[in-house]
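Below you will find one chain, with nothing else, as structure tokens; this is the form predicted on its own, and questions on how it binds or moves follow later.
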Amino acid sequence: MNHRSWTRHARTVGVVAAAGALVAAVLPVLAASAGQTLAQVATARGFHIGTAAGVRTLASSQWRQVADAQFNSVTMGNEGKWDATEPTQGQFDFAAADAIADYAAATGKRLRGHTLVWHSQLPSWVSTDRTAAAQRQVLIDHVTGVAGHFAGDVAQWDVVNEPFNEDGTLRSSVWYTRLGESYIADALTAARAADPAAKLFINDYNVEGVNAKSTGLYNLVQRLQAAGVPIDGVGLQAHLIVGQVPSTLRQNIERFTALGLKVEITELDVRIPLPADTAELTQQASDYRAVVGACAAVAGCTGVTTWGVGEVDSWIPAFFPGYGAALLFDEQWRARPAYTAVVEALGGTATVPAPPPVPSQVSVASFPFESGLAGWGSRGSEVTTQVTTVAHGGTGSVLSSGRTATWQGPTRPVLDLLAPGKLYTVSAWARTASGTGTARLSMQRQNGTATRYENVSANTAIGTSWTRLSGDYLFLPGATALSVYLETTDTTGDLYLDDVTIETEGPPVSSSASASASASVSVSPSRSPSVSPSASRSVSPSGSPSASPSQGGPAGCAVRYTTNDWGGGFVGDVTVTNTGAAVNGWTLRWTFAGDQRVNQAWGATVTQTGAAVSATNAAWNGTVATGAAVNFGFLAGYTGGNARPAAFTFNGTACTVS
């Protein structure tokens, strides 16, 4: 059985074991609905109503229960983009995207792939200086690798995303600058060869009505068709402002379908200035009715996807400060008036669904170290002991002594405690015996022969007081071993650890479930077979724990900091070139000059206290050789100015800035 067939086989045969909790969660919701759900109304007329999904949203029981019942299609969010699927050239990582594909298969939803070629969220290696021929091969190899991996699973691919400027000319991206317009044909052709069954789309924003940008897209499609390039459809993103649905939306849809194309509304949301009042919510419902109705009225318009389910997973508040309330469900998972409008636009009679129950937070494990190590040990030659002379809470803690490397520290296997697909909050308290260093709480995950080191939390630890480390960890399927561990940048100092806790979602708060406070699992998750057969990238080429991304130095550095600013919000792009000694693990620090606030990040874990920001490497980009560069990005908002930071430090070393 070849790799692609094996993947499909795993999803159809083994997916119930991997996602059984997801399937079980939807059954009582459907049974409790007095009328038809939005998905049932859409399915009855052969229409697709979808939502974007991410692996973290899949871990929310409330998100799943709403999405399971109300949508019959799902689109990959960030998990299908280049930085997630091929962060290092030739080394593909499909664990996160596979989780979304598995969810779609388990719940019987159509899967849309997003996106194969885009100018944004590209790893820095993609833009390295190379010949046009080499750049074209980079594109073809990526499209072939990703589309080929999901062949037979993805119904539609957004092959090329956002290629146009507002005036209808092609955007000056790394693709257009180096390859010209031909990159679009190259991507479509490679996608068709990799998966002949998938429908191939070009997707863009501000192309909903007839305007210069949509006309540029229309003309491009005609040129592609005339040249025999495979193109099946266009995606109109439809990120709209309340009361501003283009009057020419249906006319625009009809001119594309007249070319023999399918059309889909791919990223619909209708944002409102906050706080939203009754009149604005009523207008928003009218807007949703108009968009969905326009699509449903044209035979070739086959579906509408909203970019999220509710306020919890909406991108709008982060990108457009002062705006929100853009989706069908609010922050309490209650249906907005727009929900009824969409059901009615598809010819159904709406029954407003009840919000899903609020889950409790239950303890999976707790390690207070009052009477022993409770399964904790050493990662190397250091010595791990339980002591009663220093403690954060109670009378005991764990001491790691005799450390000779940054990666050494206390560790414990936790594969038996965690269930794939669930989101966990992992917390601990750390302290150095003396001096100051950066402590990091991480997970070491083994997938077959590949090892990954995944950061949970990092913070400054000192010898005079305890430091709390706390963060979320999403456990993806396919692990054969999993351990939590603590390390610091100090290669020789003793290290204390205390009061480690692991929590996750539990039964609804109204139920009488009890939570375990001992160092044992409080629920009994069944172990499931791997449904993620792809080879994860290996961060440990030597097979030794010393390849763990532990911070080191000294290092010289040069930082390139750029922003894409729209007033009130911006996307930051940061590239750090290591001009000093090689490092295993890094933290870049800077201080904002104004009131900028980071909302989300990719390629790094970014934390902010006041104006001070710390970006710590992701699991896959901690090792930076001398002369190599690492790239990450973030999304931020502000109310004042957006002045550039004046200085950056890389593992404590001041960098030159450009």
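Treat the numbers as computed from the prediction; the structure is a model and nothing was measured. Sequential numbering from 1, following the sequence displayed.
This next part talks about the form predicted together with a small molecule, which is not shown.
Using a 4.5 angstroms threshold between heavy atoms, residue 114 counts as touching the small molecule in the predicted complex.
For residue 206, no non-hydrogen atom is located within 4.5 Å of the small molecule in the predicted complex, even though that partner is not displayed. Using a 4.5 angstroms threshold between heavy atoms, residue 584 stays clear of the small molecule in the predicted complex. Using a 4.5 angstroms threshold between heavy atoms, residue 438 stays clear of the small molecule in the predicted complex.
Think of it this way: in the predicted complex, the small molecule has a heavy atom of just one of 307, 429, 424, 323 within 4.5 Å, and the residue is 307.
Of the candidates 173, 78, 562, 386, 78 is the one whose heavy atoms come within 4.5 Å of the small molecule in the predicted complex; the others do not. Note that among 116-124, 250-258, 361-369, 500-508, the stretch whose heavy atoms approach the small molecule to within 4.5 Å in the predicted complex is 116-124.
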